[in-house]
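Presented below, as structure tokens, is a lone chain in the form predicted alone.
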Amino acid sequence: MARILTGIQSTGTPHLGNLLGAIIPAINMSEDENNESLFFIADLHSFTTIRDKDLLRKNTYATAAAWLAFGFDTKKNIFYRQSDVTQVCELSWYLNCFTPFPMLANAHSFKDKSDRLASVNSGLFTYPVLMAADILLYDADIVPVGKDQVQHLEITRDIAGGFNHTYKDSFVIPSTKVDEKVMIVPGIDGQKMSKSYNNVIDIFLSDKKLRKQIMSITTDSLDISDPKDPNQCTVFKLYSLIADETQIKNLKTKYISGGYGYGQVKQELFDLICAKFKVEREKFNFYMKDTTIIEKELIIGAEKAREIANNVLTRVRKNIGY
């Protein structure tokens, strides 16, 4: 059985891009009977930027609620909060002592902010090391990542290889799984959907607020009577990521024929999202109204995760000489 590990930062409620590009594919992979999946909420990573304790907690619950709402099986797999397994901090120190400074200085997570060093804390600088500890602490075989995270996985493999060279058989070297079909989900401004761009669609909002987000999607200024190119329209691109083939074909015909305005198209996208994710939206709100259910799931998951973590850390400590 392959052990698959995935982490997602708790920087807010997962948006449509997170759901289509990461959460739903990961849950589908976890349903394979040949796989054991460990999914964790990376709230320690979030602490590099978030200083509000109430916001940190709320973001953690919102992230967990999204995974649970979309059907992640917590009985078959392991679902936990990163900060509940403090062994990761001890392992992170051991790995830090094996990580060359230039390796971290060249990491994207640091280089992207290196022009404003005053805002870079050491937690952000050593982000790839904590990420390596997240993976190596659980003897993970496979780590699915987007293309932007491949470098961090290579850093993990390099650190583990160097450690194993000195202390034989300490770590399982994980394989990187890059899904070339990962969806690039456009935001309301046409760029890649991202909280940092403030262009997200949050399907868990109330109907009124969700509709307002969708109605704010940027479009061109063609008249309602004009034929339109669906391939150049952000609304159509979003619709196509969710709809079935018949629905896509029908909407495409309306674009090309003319006499159909962007307001109508946006309404169709809103209606589709409400229908497609009706159950998940209801479940999300149910979990967020009673976070004790979420807390219970995370505590149970942490107990399972700690059992694996303790075995790996005991092995590493013995190899080191502690």
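Given the structure is predicted, the values throughout are model-derived calculations rather than measurements. We call the rigid core whatever largest set of C-alpha positions still superposes within 1.5 Å between the two forms. One-based numbering along the sequence shown.
Another form, the form predicted together with a small molecule, is not on view; read the next lines as being about it.
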| item | value |
| --- | --- |
| Residue 188, heavy atom within 4.5 angstroms of the small molecule in the model of the complex | no |
| The small molecule contact in the model of the complex: residue 316, any heavy atom under 4.5 Å | no |
| Partner proximity in the model of the complex: residue 242 to the small molecule, non-hydrogen atom cutoff 4.5 Å | no |
| Distance check, residue 4 to the small molecule in the model of the complex, heavy atom within 4.5 Å | no |
| Candidate from 217, 131, 107, 78 lying within 4.5 Å of the small molecule in the model of the complex - any heavy atom | 131 |
| One residue of 95, 135, 203, 155 in contact with the small molecule, assessed in the model of the complex (non-hydrogen atom, 4.5 angstroms) | 135 |
| Location of the small molecule contact in the model of the complex, chosen stretch of 244-252, 220-228, 117-125, 138-146 [non-hydrogen atom, 4.5 Å] | 138-146 |
| Cα displacement of residue 156 between the shown form and the other one reaching 2 Å, rigid core superposed | yes |
